[in-house]
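Read on for two forms of one protein chain; each stands alone as structure tokens, with the labels structure 1 and structure 2.
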Structure 1
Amino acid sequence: MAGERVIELVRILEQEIVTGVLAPGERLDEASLATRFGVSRTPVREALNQLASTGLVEVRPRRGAAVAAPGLKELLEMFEVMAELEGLCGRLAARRMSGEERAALEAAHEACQACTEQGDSDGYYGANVAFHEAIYTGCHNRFLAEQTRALRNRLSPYRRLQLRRVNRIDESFAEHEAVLAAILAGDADEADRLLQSHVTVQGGSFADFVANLPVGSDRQATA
């Protein structure tokens, strides 16, 4: 029972972190969380330790736990790796996707289109995740999919920030459309290239991305 409660706490807190409900740098007080969830501090502490092992939480000596807030240099390094992982997923998916998996990717793309047309940014984020998940599934490499998903979860609060930029959702949808066409055509090189470009923080979007970062997230910019 205690183990199940810890798993539930991990699931809830992880969801709140990756969706931005709990912001990067936000303190996670054990006593407050224990009161909120109606449990003792022991399962809360265990849940925080598990989240720390995935990089979503930082446990700091004598200061307690907080939502991980990587500095700018570390963020850019993670986005760089994320682009490579996404590209590889797309490359393999273009070669390995079954007909059923291609249909699932098209359905996810249609969901993105509906949210784009409605101007539903929150809905688009969820549909966007489903689109990328369909690619991870279609790459038929479970280890790669797990590693890509884990890094995506660490970067989720910052990827949501990217969608705040004016016209970014329309741009993202257009990029998805090109990725979809490449995968359906079995063009592995193009799928790889397009997905890397889609994920990378580059060009004029870089300044906008930095401007939207939570205060303190640039603490390692000169490290």
Structure 2
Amino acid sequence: MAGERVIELVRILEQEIVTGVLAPGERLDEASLATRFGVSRTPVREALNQLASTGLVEVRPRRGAAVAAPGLKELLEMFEVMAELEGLCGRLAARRMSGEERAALEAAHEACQACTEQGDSDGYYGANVAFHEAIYTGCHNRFLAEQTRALRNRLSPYRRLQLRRVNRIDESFAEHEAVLAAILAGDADEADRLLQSHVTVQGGSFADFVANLPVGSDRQATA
């Protein structure tokens, strides 16, 4: 399944959804996308199906596809699970990371530090991803890493809202430092706990998070 063209379509659409070019709730009709990408409806359908399986788009039978617009309740549920998964990654990483992997994590942390000191918030976004990726690698559980990455990706449109908060970068970096210390010390419980609170909404202001949500996210799109 999934020829090269389909994979490319998935990649492009996923990127546009994750970065917010395609807003939650926006309709994705097959014909338009097919014309836009210069292919037939068939690969577009497959791409939409794949995106639906990751949860990024929502398809309702006979009613077409749209960028997923989870309600507030569902978002909180997903954050709750993500916190647990990230924590587990950290817990396992603290126990299992090799010397090289620990060095890579430190390097990623230093890249974050560089961005922080220069106030490069765009750069920090990427460096932050690299830091967490280093932890995923270090947990030595590819399945867990993939699940966590997928959920992280799915929530990224909403996580970006948080990261834009004033001083959130500095806060995030400070939290990374503690996480790094715990992992290097091999303190699994602490790494778990710190990572959970790091990715949790409650780390910031919950009211701000809700207030910055795109309109319509306060109820189910499928309602």
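All residue numbers here follow the sequence of structure 1, with the first residue given the number 1. Take the two forms, superpose them, and find the largest set of C-alpha atoms that agree within 1.5 Å; that set is the rigid core. Just so it is clear, the model here is predicted, and its values are computed rather than measured.
Peer 1: Quick check on the two chains I just loaded: which one is the form predicted alone, 1 or 2?
Peer 2: Looking at both, the form predicted alone is number 1.
Peer 1: Rigid core superposed, CA of Asp187 - does it shift 2 Å or more between structures 1 and 2?
Peer 2: No; Asp187 is a residue whose C-alpha shifts by less than 2 Å between structures 1 and 2 when the cores are overlaid.
Peer 1: Hey, does Leu22 budge by 2 Å or more at the Cα between structures 1 and 2 once the core is superposed?
Peer 2: Leu22 C-alpha, core-superposed: shift of 2 Å or more.
Peer 1: Please report the angle, in degrees, through which the smaller rigid segment swings against the bigger one between structures 1 and 2.
Peer 2: Comparing the two forms, the minor rigid body swings through 14 degrees.
Peer 1: Rigid-core fit: what Cα movement does Arg63 have between structures 1 and 2, in Å to one decimal?
Peer 2: Its C-alpha shift, to one decimal, is 4.9 Å.
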